[in-house]
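Listed next as structure tokens: two forms of one protein chain, kept apart as structure 1 and structure 2.
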Structure 1
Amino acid sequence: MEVMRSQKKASSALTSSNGVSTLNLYRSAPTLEVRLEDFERFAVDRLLVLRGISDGLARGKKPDEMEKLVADLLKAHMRHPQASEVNNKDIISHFVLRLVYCRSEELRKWFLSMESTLFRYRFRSVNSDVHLSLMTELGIPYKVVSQKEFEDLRDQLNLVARSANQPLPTPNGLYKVSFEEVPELVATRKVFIQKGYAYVALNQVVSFVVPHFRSHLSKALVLTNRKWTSMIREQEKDRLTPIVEALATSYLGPDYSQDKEVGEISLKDIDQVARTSFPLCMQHLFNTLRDDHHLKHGGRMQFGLFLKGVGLKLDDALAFWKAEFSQKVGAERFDKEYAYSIRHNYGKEGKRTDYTPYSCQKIILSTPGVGDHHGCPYRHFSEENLRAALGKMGVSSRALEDVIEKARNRHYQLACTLTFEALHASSCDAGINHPNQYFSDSQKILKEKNMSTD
């Protein structure tokens, strides 16, 4: 495996004292050999950081809260036992995920946004020497404001700083760049402009560095996609391609193949727990099955593995599906065409693999066709249908608007989390990442409430 590696001079300057690599531009450098186990493990660690950032942004965390969150995520996931390998881990993980997320416009957009946010908060944590080095490497034309020029403009600079509620500028760390480099600062009137130059304080430099980083990464993702589709995917089809293609939908928590904490559910319980503890995606499949007495393959897989995970035993699963399908296709046809796949999901046929329930990420990225009912309702439902479904679940009108807003902004898992919190009157700080997690957490809360009222 070959990946791009930053220049050694830059990497040594950009590793923090706590052993976490703070900043890289991921441009070009010598090749580096990577062990297969590190290829996947490093990527998973970085993915935990990016998904943590995504959740923080979706929850509307403020900049200072995000800064702390990013620092905590890096400390938790991007360390390495050998300090000399910290920077290599950072670079390897970035380029592996670049392969993973270059493969569609939606994946590229998410990765670009999360990596740019990560870069933004890392940039804010390094000193001015690193700022200047990065600005030079990115090819950003800038000039350091001299002491005399600063004194001449002190009053105007202070006036702009006060009106923008920004710290007063100091002689050290004031730069001037073409005003076209800082449209964000110009639009919000947070920078002094004179003769085509914007005078940017040290704490504002990030405003014009991040767009350059983002632009470079955006172009690089497109080029990576071309290489992936034309060459790498086929060359590595037996080794790296399965890992790369799985990482985008990978779930990084418990697999919920058998939820020992919840225990078993029986056929007589299924209607009750469906109403109280099934997430919307599974309630929709359950209700459709009850109404139509049939689900297409995607729905059977998504719902069947979920039921397995919540504790429905094989014999009960066969009885449940047969009772529904036989009303439409007949018992004999069910036994011939559908029973095998149910036993297969439970590891009793074929390769006898113990299949695990689908995670939120896998469900969200599925593409249901006409007549399909699987997938994530927060993504695949129209807003009108989503409102109706949430209202039927019992989500209050006030909470419903928050859920709709999150779904509209593509924060589908957070929308599900808010639904959970609204229905259970309980916070879910970790967020909902798996339908079976939703069920498990719901059952725990309901049991605790029942015990307290006994």
Structure 2
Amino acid sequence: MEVMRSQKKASSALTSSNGVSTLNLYRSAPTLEVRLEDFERFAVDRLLVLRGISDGLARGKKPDEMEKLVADLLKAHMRHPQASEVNNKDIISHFVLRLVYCRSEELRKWFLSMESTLFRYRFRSVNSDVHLSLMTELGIPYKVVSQKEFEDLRDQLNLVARSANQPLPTPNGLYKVSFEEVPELVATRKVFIQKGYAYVALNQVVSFVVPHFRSHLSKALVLTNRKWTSMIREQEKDRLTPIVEALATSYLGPDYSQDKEVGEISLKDIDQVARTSFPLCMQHLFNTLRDDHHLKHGGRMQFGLFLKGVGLKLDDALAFWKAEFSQKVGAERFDKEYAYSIRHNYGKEGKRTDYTPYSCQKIILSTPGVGDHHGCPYRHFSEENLRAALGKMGVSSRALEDVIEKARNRHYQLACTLTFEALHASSCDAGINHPNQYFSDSQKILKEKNMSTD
């Protein structure tokens, strides 16, 4: 992919009169000339949009709220002083971020998900002519339903619309597609199906255009990755590569743009503070949750109350757990089966006790079973696993031996204290008695360090 040199605009570009670009399929890489500073600036602007979407999804916003959010985000970040350049900015920023996010499975997955969401909401906001031209461009075979056929099927079509609580169909907004193209609509019986064809109303078109967009982008990202590793990274090592690599970490790394209130953490900080200030037991639960998108009850209690203790508010806690669990059990089941216990922990359900986070003693004495991840790693991990976990945390090999020695002699809290000291290069005379104490001591030290270096 040649980013910096040359030619025509992507064919599907559609620019609306208000100067906000509407809808691109990004089928081919742009061949525009891009100034180096635009390359980076456009990408950062788009990144702000995608991160806003990610945040909205994590908070469980409803479709109409998301539609508004996406429109606001686009207005805030994707405008350009010259109306003619809006579309170019959209295309350029998309392709730059492809480079940034093609480079690992995890990055690709995130980018794919956010770009598809962005596309979905933009698609909803454009008119039907655009829909049809996009269907043609995506190569989705569809037939227009003739007036006669519409009359013949009118009763059936009306029944479907009423059964799905949708507006009654009109003769000029109806298309026939192979039922395989619209699995989502078939599964929910939102379409009339006859002889293998689904009769799709225009407002349902989005449900099959988005999967096409997504699968195309998914394949393109894999190809981009191949080109990146085989050519571009080396060719551009003095110019684009540093920008691309920095863009990726600027997202993943800490964000100190806002002053943090004392005793509060918010969702976007959680990855960063987990790495620096969570004790091993909580890091383990956090990582397990991120990997498995699930924790059993003991783990949810131990980790959930800890998060409450470090200042995660109820709304954020719900969003945080939902973002993970819904990937495994679906949002609906999360709302039904798990949300209650989180509100319960915050004293909002049941007997309304405000539960306190577990102390080390309680955690050490717990008895995790098969599939459980809670408990105290210094006690419940095998020695190999403990070594590996400590190594991953960044404990030096000399300190690691001391920690293992303490754990072996069943001084679990001392082992944790030694880990804390090794990681923070600072003593902890009081010893670690509570995971939340570990956290607050750690934050205190890190803040002092920051101040002295600033």
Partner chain sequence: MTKEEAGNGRDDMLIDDPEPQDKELEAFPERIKLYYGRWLFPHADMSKWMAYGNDGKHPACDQSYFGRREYSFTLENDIYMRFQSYKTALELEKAIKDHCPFKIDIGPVYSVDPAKRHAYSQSGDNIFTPVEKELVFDIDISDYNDVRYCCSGADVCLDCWPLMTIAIKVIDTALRDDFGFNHILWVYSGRRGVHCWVCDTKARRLNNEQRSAVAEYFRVYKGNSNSKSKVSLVGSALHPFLVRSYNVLSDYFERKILCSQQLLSDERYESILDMISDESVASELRGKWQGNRRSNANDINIVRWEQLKHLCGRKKTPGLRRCVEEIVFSYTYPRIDMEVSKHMNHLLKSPFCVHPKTGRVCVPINPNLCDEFDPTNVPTLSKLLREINTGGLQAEGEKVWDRTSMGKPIRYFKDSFLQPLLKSCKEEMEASYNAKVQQSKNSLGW
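The first residue in the sequence of structure 1 is number 1, and each one after it adds one. By rigid core we mean the largest C-alpha set that fits within 1.5 Å across both forms. This is a predicted model, so every value here is computed, not measured.
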Requested in this report: Can you spot the form predicted on its own among structures 1 and 2?
Outcome: 1
Requested in this report: Return yes or no for Ala388: a CA shift of at least 2 Å between structure 1 and structure 2, with the rigid core superposed?
Outcome: yes
Query raised in the report: 2 Å or more on the CA of Ser341 between structure 1 and structure 2, with the rigid core superposed, yes or no?
Result: yes
**Report entry** Cα displacement of Leu280 between structure 1 and structure 2 reaching 2 Å, rigid core superposed
**Finding:** yes
Report summary line: Taking the rigid core as reference, the Cα of Arg300 travels between structure 1 and structure 2 a distance in Å of 28.5
